[in-house]
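Starting off, we have a lone chain in the form predicted on its own, written out as structure tokens.
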């Protein structure tokens, strides 16, 4: 499905100011990226066409993007050449990144790993990659949107169609409408438990609302629905240092 994302990637690469998610909410409101990223070592987990990586590179970061779609990475390479921006690309899985422990300052995923990788695997992997006090930010679908999506894959409505407790993965490959892949999400308590057990602290949590008067349906989410209920969520996390790492950081 890489070709489905090519034009959207081209549009996002042209943006000088980032906007996020299916409702293109402004960076000024969400603040998903550090204000300055000079010399920061950053990674985009599930980078697709690489536009988030490009935004970080423009802010001065040293960037790596990883994605399991070779065709999307080819688009990213083309757009790097067209825009005169260069960063490293890895063809691989964000659940198993071929980079050293504690080598990254900032990790981010807008969809990508955030919904298409198993959080029980990719969250600990992101933790491994990050330096002590390193930051992880990710944006993906809200659990309510998954609950409110009919089993046929039709657009969200005002009913729940599956259980909340025990939520982990949803297989969209055989649905009637807009068949896709296997999407992951967790209950809020399970997210918190995973972060705590992995060694992250939550800095902030955002439930994203569509702009007033949003029209049409985006990726199965009607604008009117997303004005009433959150269709997307953002987690902002910090890696907690161990006692030994904390002493070392204070000493420096």
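Residue numbers count along the first chain shown, from 1. The model shown is predicted, which means the values in this text are computed figures rather than measured ones.
We do not show the form predicted together with a small molecule, though everything after this point is about it.
Colleague: Would you please decide whether residue 47 lies within 4.5 angstroms of the small molecule in the predicted complex, comparing each non-hydrogen atom pair?
Modeller: Yes, residue 47 sits close enough to the small molecule in the predicted complex that at least one of its heavy atoms falls within 4.5 Å.
Colleague: Against the small molecule in the predicted complex, would residue 117 count as a contact residue? Criterion: heavy atoms within 4.5 Å.
Modeller: Heavy-atom contact with the small molecule at 4.5 Å: present for residue 117.
Colleague: With the partner left out of view, is residue 200 within 4.5 angstroms of the small molecule in the predicted complex by any non-hydrogen atom?
Modeller: Answer no; every heavy atom of residue 200 is more than 4.5 Å from the small molecule in the predicted complex.
Colleague: So, residue 72 and the small molecule: in the predicted complex, are they within 4.5 Å at any heavy atom pair?
Modeller: Because a heavy atom of residue 72 falls inside 4.5 Å of the small molecule in the predicted complex, the answer is yes.
Colleague: Considering non-hydrogen atoms and a 4.5 Å limit, which listed residue (94, 136, 123, 104) is close to the small molecule in the predicted complex?
Modeller: Exactly one residue meets the criterion: 94.
Colleague: Considering the small molecule in the predicted complex, find the one stretch among 124 to 132, 156 to 164, 107 to 115, 142 to 150 with heavy atoms no farther than 4.5 Å from it.
Modeller: It is 107 to 115 that comes within 4.5 Å of the partner.
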